[in-house]
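Take a look at this single chain, the form predicted alone, given in structure tokens.
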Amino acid sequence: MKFTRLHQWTTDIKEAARIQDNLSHFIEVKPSKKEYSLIAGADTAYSKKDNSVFAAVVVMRFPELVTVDRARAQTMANFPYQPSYFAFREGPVLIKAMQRLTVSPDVIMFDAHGIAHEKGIGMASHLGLMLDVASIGCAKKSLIGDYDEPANEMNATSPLNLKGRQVGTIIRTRVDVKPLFVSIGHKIDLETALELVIAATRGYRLPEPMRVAHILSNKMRRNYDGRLRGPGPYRMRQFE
């Protein structure tokens, strides 16, 4: 899967903010496609032993949700841990994993926010723009905005508003679990994003492509940290 290098990855927060300001005007909030046959989920995990970050991307045929491709990558996290700037911390490793895919998904779900962001360009929007693909923010926690908790019912929703404008939808995908924060990433609208999240969720809190990516990235992290705990000297290497 190819991507356009719209900027260099920076470690400076002021430069990152400037990049976000420049790119936010290019985010498209309407669908570029009417049908989605390949849907991907992406997630990351952090080592508990050092500054390593792991990414996994899983592509599934939709609507059957059968895995057709997956890719993994590992890098060191260089950008500081700063809310609203996760594209600069996790973007490099996610892009690296995406480049290893042998198929190009029609839409990607990120454990991140899209336009539900103070500058209108969270990581789901930022990477969707760089990859030139439809993308959805499907975050586990809120970042910004006002909302009421949805009812404790499967697929109950409530709007996520920012300065009087709806920027996302909160959905409870299972009874008695915390809701997800869905927002437009790029080349999609909120209604379509929400429909895809619901259609890709099969009895768990997370949509299936994201759930499997979450499992894979955490497995990478556990294996890596386990090797660091082993006896004798350890030689660092990239997880391929």
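Note that residue numbering follows the sequence shown and begins at 1. The shown structure was predicted, so the numbers you read here are calculated from the model rather than taken from an experiment.
Here the subject shifts to the form predicted in complex with the DNA, a form of this protein not shown in this document.
When the DNA is considered in the model of the complex, Ala134 lies well away from it, no heavy atom lying within 4.5 Å. In the model of the complex, Ala112 approaches the DNA with a heavy atom inside 4.5 Å. With a 4.5 Å cutoff on heavy atoms, Arg100 does not count as touching the DNA in the model of the complex; it lies far away. Taking the partner from elsewhere, Lys48 is found to have a heavy atom lying within 4.5 Å of the DNA in the model of the complex. Stretch-level contact check against the DNA in the model of the complex with heavy atoms at 4.5 Å: of 100-108, 141-149, 68-76, 155-163, the positive one is 141-149.
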